[in-house]
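Starting off, we have a lone chain in the form predicted alone, written out as C-alpha cells.
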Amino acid sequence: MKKYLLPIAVLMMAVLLLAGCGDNNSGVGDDVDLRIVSLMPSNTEILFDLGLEEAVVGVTDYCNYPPELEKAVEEGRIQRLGDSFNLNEELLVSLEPDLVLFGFGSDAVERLTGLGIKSEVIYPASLEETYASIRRIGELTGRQSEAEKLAADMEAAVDAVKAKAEAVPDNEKPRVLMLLDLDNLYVAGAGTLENELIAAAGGINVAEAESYAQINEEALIAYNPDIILCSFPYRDRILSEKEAWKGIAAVQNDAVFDIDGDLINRPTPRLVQGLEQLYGIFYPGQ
C-alpha cells in the first residue's frame, strides 16, 4: 500500500485546503471530480438519490439498489469492495476516494483517516436519524439543498401516513408480528426501525422483546398476532409446514404477508414505500 501514500498525501492537502484546514464537520465539496466510496447499502441509495451516482466509485457486495448501480458495476466504473467487516482496503485506497461512508465503525475508519481520506460512520436506527443522515450526507458532499428537499419530502410523506394511522382507535388496530427468521424465530421488538414503522402505520407490535430477539414457538403462538409480516419469503413455508401455528389468527385469516425487507429495514427514503405498504396491509381499501 506504500505506493499509494504519495497520491493520498496530495489528495489530503487538497481536501484540507478546500475544507478550511480540516474541520471535522466540513464536507468535501461538490466538485465534478468528487470520488465517494459507500460501505453501507442505505448510504449508497441516498447518494444516488442526491444525484451523486457519477461520484460513487466503490460500494459493498450488498449494495443492490438502484438498478443503475448494477450496470455501473458491470461496466467497471464502480468497484465492489466487500463490506465494512471484510473490506478490500488496498482496492479502496487505489480508488483515491475523497470520502468514505461507513455503515459500522471499524478499525478501517481510523486507518483511512490516517491516510488523509475523510471517513464517517452513518448508520441511522430510526426515522428521525434517517432524515438526519440524508442531511449529513448532503453536507459532506455539497448537496445541502438537494438533501434538505429529499429529507423534508420523506418526513412529510411519513407524517401523512402517521396522521391516518393515528385516527384509528387503539382497539381497532391490528396486532402484528414482524418475523425476520423462520428457522430460528428472530423477531423485531421494541427499539427497532421495524417496530417504529409498525406503529407509524397503525399497528401494535406483539413481540414482547427488545431489539432483534429470538423467541420460542410457544411464545409466538401465545402472541396470537392478527398479522404476521415476513421480511423474507416465508409465507408458503408457514402455511405448509407449521402445523402448530394453524390456530394463530393470522394463519386462520390468511394474513401472513411476505414483504420486501429492504423497504422496512434499510434507512433510506424508500422507507416511505414500506410504510405505505404496511398501512395498506393493516387497513386494506383505505
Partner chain sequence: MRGRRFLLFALLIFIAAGVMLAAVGIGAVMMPLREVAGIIWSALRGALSRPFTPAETIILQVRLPRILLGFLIGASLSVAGTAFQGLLQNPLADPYTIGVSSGAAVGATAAMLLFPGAASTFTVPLAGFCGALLALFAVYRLGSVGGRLPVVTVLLAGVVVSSFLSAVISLGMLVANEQMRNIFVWLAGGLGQKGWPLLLLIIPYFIIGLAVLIYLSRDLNLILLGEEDALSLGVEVERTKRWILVAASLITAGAVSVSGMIGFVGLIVPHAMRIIIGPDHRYLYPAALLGGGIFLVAADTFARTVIAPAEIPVGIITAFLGAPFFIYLLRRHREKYRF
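All values reported here derive from a predicted model rather than from experimental measurement. Positions refer to the first chain, counted from 1.
From this point on, the text means the form predicted together with its partner chain, which you will not see here.
Legend entry - Heavy atom distance at most 4.5 Å to its partner chain in the model of the complex, all of 83, 221 and 252: Each of the three qualifies.
Legend entry - Residue among 199, 95, 125, 185 with a heavy atom within 4.5 Å of its partner chain in the model of the complex: Here the answer is residue option 185.
Legend entry - Contact residue in the model of the complex, chosen from 79, 113, 214, 144 - any heavy atom within 4.5 Å of its partner chain: Spelling it out, the residue with a heavy atom inside the cut-off is 214.
Inset, instruction - Report yes if any heavy atom of residue 241 sits within 4.5 Å of a heavy atom of its partner chain in the model of the complex; otherwise report no. - result: Answer yes; at least one heavy atom of residue 241 falls within 4.5 Å of its partner chain in the model of the complex.
Inset, instruction - Indicate whether its partner chain has at least one heavy atom within 4.5 Å of a heavy atom of residue 245 in the model of the complex. - result: Residue 245 belongs to the contact set for its partner chain.
Legend entry - Interface membership of residue 153, its partner chain in the model of the complex, 4.5 Å heavy atom rule: Close contact is absent here: in the model of the complex, residue 153 is far from its partner chain, nothing within 4.5 Å, heavy atoms only.
Inset, instruction - Determine whether any heavy atom of residue 181 comes within 4.5 Å of a heavy atom of its partner chain in the model of the complex, and answer yes or no. - result: Yes - in the model of the complex, heavy atoms of residue 181 and its partner chain come within 4.5 Å of each other.
Legend entry - Segment that reaches its partner chain in the model of the complex - one of 222-230, 63-71, 43-51, 253-261, heavy atoms within 4.5 Å: In the other structure, the partner sits against 222-230.
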